[in-house]
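One chain comes next, on its own, written out as structure tokens in the form predicted alone.
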């Protein structure tokens, strides 16, 4: 048996952020990852602490960004890869009421840090927006696919990545630790995304999962270097390529792209841009969402050396560093979890 401090199961944003906590505190670990979950394919990767549908602050968004931005900057240095692209966000106004709500929201806590106090009425070539635009600063995108691929390569070189599925029946649990294959560990952390539904230790938690679909398009006559937000988002990828999303489906639990999803995206996109485009790719995936829109973090009620870190939903790039830090401090130093993320709320 090889003695280590932690086993991590799953290497999405949650598992990656927890692995970084372990490395920062000189803890030994291995990660099991079988690429069975595809939520990163449909992740916009956008960091934006403002909910533009209602002009309200995202849950703890401002505080999460204070930790997330240095976290990703340090990862870029560590991996020698650039995956953080900073850009502004422009909201297309659809009514005068929309405009009035924008100005009213400027007085809400933290929103004035991001929302500019004016409306842009200048037309944008190829964009449908007769009532103008509101602009957010301090937003951008983490290329989650590039980040996760680079991190896997890093773990692979370090001998810390085991690219196999996890066999729950092979896990042996005792008061003094855990045994799995050739490893003996103090703790195990499950960060499996929607795969948590198959986990016999935590599948009672209300991880609902929401299917999302996105498309990548090429629009040679569209030249915007900001994220455009309306009923869909149009995100620049460079060289006139854009990511467009996303759909929300609460009943289909497959990752297969659908004709219905494609029609929904193109129908909404045609009301946002007025230039020809070509669809390059079409993706589907299951986001790990929870009914109360808060993450699932905490220790198993029966097995205190077993933890879950999951349910990051649609704002995973913002939330992951914060909840990973909280879980590590909870396990190692008995620091209480934020009650809003603690799985005890469901037990």
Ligand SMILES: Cc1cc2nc3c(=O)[nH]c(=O)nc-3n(C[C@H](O)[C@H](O)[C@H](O)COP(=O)(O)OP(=O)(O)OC[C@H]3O[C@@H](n4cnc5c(N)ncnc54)[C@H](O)[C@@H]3O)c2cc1C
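Only a predicted model underlies this, so the values are computations on that prediction, with no experimental measurement involved. Residue numbers count along the first chain shown, from 1.
Just so you know, the form predicted in complex with this ligand exists too; it's not on screen, but the next bit is about it.
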**Prompt:** Among 294, 287, 300, 27, which has any heavy atom within 4.5 Å of this ligand in the predicted complex?
**Reply:** 287
**Asked** Only one of 214, 217, 273, 228 has a non-hydrogen atom within 4.5 angstroms of this ligand in the predicted complex; which is it?
**Response** 214
**Prompt:** Would 9, 46 and 317 all count as contacting this ligand in the predicted complex, using a 4.5 Å heavy atom cut-off?
**Reply:** yes
**Item:** Segment that reaches this ligand in the predicted complex - one of 107-115, 256-264, 194-202, 130-138, heavy atoms within 4.5 Å
**Value:** 194-202
**Item:** Contact of residue 222 with this ligand in the predicted complex (heavy atom, 4.5 Å)
**Value:** no
**Item:** Proximity of residue 165 to this ligand in the predicted complex, heavy atoms at 4.5 Å
**Value:** yes
**Prompt:** According to a 4.5 angstroms non-hydrogen atom cut-off, is residue 65 in contact with this ligand in the predicted complex?
**Reply:** no
**Message:** Residue-level contact is defined here as any heavy atom of the residue lying within 4.5 Å of this ligand in the predicted complex; does residue 56 satisfy this criterion?
**Reply:** no
**Request:** Within 4.5 Å of this ligand in the predicted complex, which residues of 105-127 have a heavy atom? Give them in sequence order, or say none.
**Result:** none
